[in-house]
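Heads up, the chain below is alone and in the form predicted on its own; it's given as structure tokens.
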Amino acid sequence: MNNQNNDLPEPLFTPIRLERISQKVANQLKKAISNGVLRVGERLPSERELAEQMGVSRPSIREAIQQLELQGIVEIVHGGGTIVKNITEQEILKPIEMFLGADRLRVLELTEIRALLETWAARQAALHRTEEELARMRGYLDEMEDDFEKGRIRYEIDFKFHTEIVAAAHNTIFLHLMSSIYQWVNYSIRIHREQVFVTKDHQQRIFDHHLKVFQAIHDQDPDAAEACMREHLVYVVEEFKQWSSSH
């Protein structure tokens, strides 16, 4: 038997495959998500809008979105469009939730990590924020002030303010990581936190801290932004410690 063919070298090049239109659409969407143009929790434009903007058919858009859903990048919500998913949470979120839900000390540890990370975020936000991001921060502050005057507590506004600062750092991976941390914190303390920050003094101090952080970011002063965020989160950590020791 002639084994001469087995000794032939591997070909240097391979055939070039034509890329499907849906794959090109998916690549564009992934790039927009990777660059932070489309953020965690945001809805993608409708199929019609995407088809018009990209100059392709709606079936190609639909197929691309289905690809991204299979990859865990987006979630198709029936009647609610397509949502950008958090790429860092999908394998580790549930196990960590189990720890947080069972042990308050783990919540404290997570808050301490958050304090370290968000001081960096505030510094970067002061350097890189846009006017649009600044306007959204100001809007959340206005909502906090209105809630304070009405004696109402909505911690989702607090989280949105911090998330906007993280987004203004313009680091997409960091944004996804921090989004996971906020989900973990919110999962475990959505009830407990109402027991910690309950007085008018607490609420006033938190608002004042936020205002100082915002002003430093507005002034594009990274040193002040970092210092003000550290002051705020050290206060949060200390309050958690006191609360944990008394319960």
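Numbering starts at 1 and runs along the sequence shown. Bear in mind the structure is a predicted one, so any value in this text is a computation, not a measurement.
Another form exists, predicted in complex with the DNA; not displayed. Remarks below refer to it.
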(request) Decide if the three candidate residues 43, 57 and 82 all line the DNA in the model of the complex, where lining means a heavy atom within 4.5 Å. (result) yes
(request) Give a yes or no for residue 21: in the model of the complex, does one of its heavy atoms lie within 4.5 Å of a heavy atom belonging to the DNA? (result) yes
(request) Give a yes or no for residue 62: in the model of the complex, does one of its heavy atoms lie within 4.5 Å of a heavy atom belonging to the DNA? (result) yes
(message) At 4.5 Å between heavy atoms, is residue 49 in contact with the DNA in the model of the complex?
(response) yes
(message) Residue-level contact is defined here as any heavy atom of the residue lying within 4.5 Å of the DNA in the model of the complex; does residue 116 satisfy this criterion?
(response) no
(request) Heavy atoms, 4.5 Å, the DNA in the model of the complex: which of 199 to 207, 62 to 70, 27 to 35, 213 to 221 makes the cut? Say which one. (result) 62 to 70
(request) Using heavy atoms only and a 4.5 Å cut-off, determine which of 76, 177, 134, 108 is in contact with the DNA in the model of the complex. (result) 76
